[in-house]
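Next up is one chain by itself, shown in structure tokens, the form predicted alone.
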């Protein structure tokens, strides 16, 4: 009974958060109409905003991101470079932002939380499914040896690849393709992170995860998704639901 009450409380929190975020996104989009008349934000201001983001959104009590390497990466990666320029002033808000083609960049807390759950090591090779803007890949690139990331929407893949190269994230390889199938040519991976929600965990991704590796993935329909953490032990896969979330559905090649 207690577990059910906790789950219902979390579900209610999620629903309230979704409504709040939808209203904020609409507000931000309306502000884009007058963004050209506003003064540009300086790099020093962006640096200060990242510092505030880390201190107040990620490491603060109740959020409790504790991995210092993850916090350092979040403080260094310029999130504003991965969103439309009209939204730069809102880049360090703890909210998802639209990046075109019906896709969004995840809120900073979710990026940090999922990254921390992977427990990334400097020698790791990581597969990401759902490149989007390239921001998650940029964060991972500061923490691991190699990042392989797949985006099914080709214009997004090309834009992310160009932005990652422009910003010097040279240990990231981008593929335009169906992430459901993974990237078998570079498997096995030490960790896999999925930033779009399939209706079930893709078997090809489990097969491409090395023994002892970890995967974090949202699963389920838009109104009932759970973030799962998986760890592979031989032919066994431990699976744990850790957070109710809301991600865009995983697209499949036709």
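Numbering follows the first chain given and starts at 1. Note that the structure is predicted; figures quoted are calculated from it, not measured.
What comes next is about the form predicted together with S-adenosyl-L-homocysteine (SAH), which does not appear here.
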property: Contact test in the predicted complex: residue 178 vs S-adenosyl-L-homocysteine (SAH), heavy atoms, 4.5 Å; result: yes
property: In the predicted complex, residue 117 touching S-adenosyl-L-homocysteine (SAH) (heavy atom, 4.5 Å); result: no
property: Interface membership of residue 129, S-adenosyl-L-homocysteine (SAH) in the predicted complex, 4.5 Å heavy atom rule; result: yes
property: S-adenosyl-L-homocysteine (SAH) contact in the predicted complex: residue 196, any heavy atom under 4.5 Å; result: yes
property: Non-hydrogen atom within 4.5 Å of S-adenosyl-L-homocysteine (SAH) in the predicted complex for each of 150, 248 and 251; result: yes
property: Segment that reaches S-adenosyl-L-homocysteine (SAH) in the predicted complex - one of 119 to 127, 162 to 170, 88 to 96, 104 to 112, heavy atoms within 4.5 Å; result: 104 to 112
